[in-house]
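This document starts with one chain, in the form predicted alone, laid out as structure tokens.
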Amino acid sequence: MPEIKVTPLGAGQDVGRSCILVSIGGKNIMLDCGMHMGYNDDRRFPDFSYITQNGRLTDFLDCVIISHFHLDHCGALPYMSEMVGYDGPIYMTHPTKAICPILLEDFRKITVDKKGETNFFTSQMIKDCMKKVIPLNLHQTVQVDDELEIKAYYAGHVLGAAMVHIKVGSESVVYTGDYNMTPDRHLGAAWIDKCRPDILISESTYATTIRDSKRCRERDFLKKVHETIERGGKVLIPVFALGRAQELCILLETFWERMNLKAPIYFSTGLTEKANHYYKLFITWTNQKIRKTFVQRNMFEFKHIKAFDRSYADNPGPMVVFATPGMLHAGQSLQIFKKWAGNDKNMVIMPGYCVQGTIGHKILNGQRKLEMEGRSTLDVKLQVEYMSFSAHADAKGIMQLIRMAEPRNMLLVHGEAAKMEFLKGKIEQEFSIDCYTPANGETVAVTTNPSVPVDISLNLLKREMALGGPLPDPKKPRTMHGTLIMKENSLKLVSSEQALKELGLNEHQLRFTCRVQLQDPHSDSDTLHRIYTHLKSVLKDYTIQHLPDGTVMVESIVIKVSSSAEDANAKVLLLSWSYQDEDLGSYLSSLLKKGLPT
């Protein structure tokens, strides 16, 4: 039986360095190629040696698909294509293609120029890698080769995020990447049609969470920011440049306007200006409200939010600063955090998920003394708040997507093992489908039942209808009798007459014969008459004839009687039938073996 194999090289029972290998119908596809924010050594990249120990990946992969521009999904792409070696097609949406190289270059600067790391990709490698990218449009079926086709669906989450439907013949897989089933202030909700894939591979970051109402969270967020500002404190909000940043900017901008607040709001420069530029450029990817507003004014040009200069961090008085990156593992957000951590008037609000090993994760788990680089320790006195403005689907959202797509099997990635296990139980219980949670390097093989499409000739259909059967119901299987012809890789079911004509063959009648021994002292003609009477009483719905040539016919079945040469009281019944009456012939032979009524 054919099977689909799925192997996570990253994000198997873990959040970080998403990279999933799928083998389907003889094709090998890499889904995402991310890096891990919690590691600074070789573990930051997926283990590509799993695919091949030596040589380029081009020979082993048919294509690479990137779901969105977050570094845990695209951060290892230049390393994979330029340093390990891959020259095949890389697919991503237009916004992802525009934003991905900016984030990669920014990360390269932090890692190489500031930390001085080697064995890392160069600016040129990022450019060379992006030349291999083929942009995807939503709902457009792209033919990768003669057999493999892919189609992108809107995933919410961040600008340009997409889920992909991968199809080879009648086998298919859907990969969600990261998605959000609830619309927010700047993006719509994820959507997919009822494509019934063999496997749905879904992220499960919030596998056990059902989030409270968004409005309550927003009110709580504004209240905490306002209280800190009122007491003269500073608020640090670590964000990734795109996504939550725009979401929270719109929220604070409208609140500042309404409350007529004067405290400054700043945003890390450079990246964000570019980010907002791309939001304007790809306005069609945002939600309905922003598209409408955009006609009158630009939703991403802020009156109260100004560009940040690093000298501002030492300014006295209250302020709110959005700084990148979002997990406090490097960059400007970490610099500001170090400066403000010692003052209990200040506050840091973590608006999204933090990977283990990052400072964000440590302070959220209550760590108040942090070991920094160079063995120095940092006392954390500022207030730490966690508010999930994360654009991931929660447990309810994941269940909602399963209802939408109706997969035959489920596979969870991008989540923590214990939480996945809980959700796996829920999915199996509610949907009665198998759910898998492979670890990195572990392969799941799912057997598929490929359906073979067959055309049916119009004459055969007309004949079926003329027989007075029920009208065809597309949801119910129906048996059709005919001859199956294969021509140029397509199958057709036709009537036997049409098949003979098309193939230039003569028709032959095939009949089955069966002998039945019977004890009966009467003459042959009397025995035959008794058989005729007996069958008439038993088979009331069939046409039974006693013919002058000394035979009885039941439909196409012929029954003859002759005496046995060895025993005068024994009779030999000869039954003969065509293959159409196979069932009836078998029934008659077993009925007559029981003998005739006395």
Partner chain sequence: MDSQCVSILPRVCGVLLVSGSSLPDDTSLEKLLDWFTTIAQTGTSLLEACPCLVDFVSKVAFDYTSGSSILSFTLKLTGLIGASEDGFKVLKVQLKNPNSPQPGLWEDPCLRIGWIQGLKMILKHSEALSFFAQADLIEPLLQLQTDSSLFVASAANQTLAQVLVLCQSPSSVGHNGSKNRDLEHNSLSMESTQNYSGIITKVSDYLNKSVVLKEISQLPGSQQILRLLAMLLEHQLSLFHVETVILGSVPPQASDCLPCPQRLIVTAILLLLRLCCVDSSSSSAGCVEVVRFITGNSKVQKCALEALLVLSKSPGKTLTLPNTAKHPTSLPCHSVFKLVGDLTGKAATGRYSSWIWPCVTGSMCRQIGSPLSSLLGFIQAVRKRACDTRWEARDSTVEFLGHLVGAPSCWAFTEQEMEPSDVLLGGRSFTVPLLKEALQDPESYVRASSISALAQTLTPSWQDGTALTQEQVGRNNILFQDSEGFARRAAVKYFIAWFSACSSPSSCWLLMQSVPTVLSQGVADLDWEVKLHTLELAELVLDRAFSDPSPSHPYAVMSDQDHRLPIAGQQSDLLSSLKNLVDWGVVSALLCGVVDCDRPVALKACQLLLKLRGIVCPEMGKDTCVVSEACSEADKEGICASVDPECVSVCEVLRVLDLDEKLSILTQSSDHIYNSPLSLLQDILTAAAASSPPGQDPRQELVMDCY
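The structure displayed is predicted, hence computed values, not measured ones. Between two forms, the rigid core is defined as the largest C-alpha subset superposing within 1.5 Å. Numbering follows the first chain given and starts at 1.
The same protein has a further form, the form predicted together with its partner chain, not shown here; the description that follows concerns it.
With its partner chain left out of view, the stretch that reaches within 4.5 Å of it through heavy atoms in the predicted complex is, among 510-518, 162-170, 385-393, 146-154, 385-393. Residue Ser123 is the only one of Ser490, Asn343, Ser123, Ser523 with a heavy atom lying within 4.5 Å of its partner chain in the predicted complex.
Proximity to its partner chain in the predicted complex, taken as a non-hydrogen atom within 4.5 angstroms, holds for one residue of Asn315, Thr141, Gln367, Asn119, which is Gln367.
Although the partner is absent here, Ile134 lies within 4.5 Å of its partner chain in the predicted complex, judged by heavy atoms. Asn276 falls outside the set of residues with a heavy atom inside 4.5 Å of its partner chain in the predicted complex. Contact check for Pro101: a heavy atom falls within 4.5 Å of its partner chain in the predicted complex.
Its partner chain in the predicted complex comes within 4.5 Å of no heavy atom belonging to Val454.
Each of His36, Ser81 and Val112 comes within 4.5 Å of its partner chain in the predicted complex, counting any heavy atom. Along 420-444, a non-hydrogen atom within 4.5 Å of its partner chain in the predicted complex is carried by Ala439, Asn440, Gly441, Glu442, Thr443, in order along the sequence. Superposed on the core, the two forms barely differ at Pro78: its CA moves less than 2 Å between the shown form and the other one.
Core-superposed comparison between the shown form and the other one: the CA of Val142 stays below a 2 Å shift.
The Cα position of Tyr153 differs by less than 2 Å between the shown form and the other one after fitting on the rigid core.
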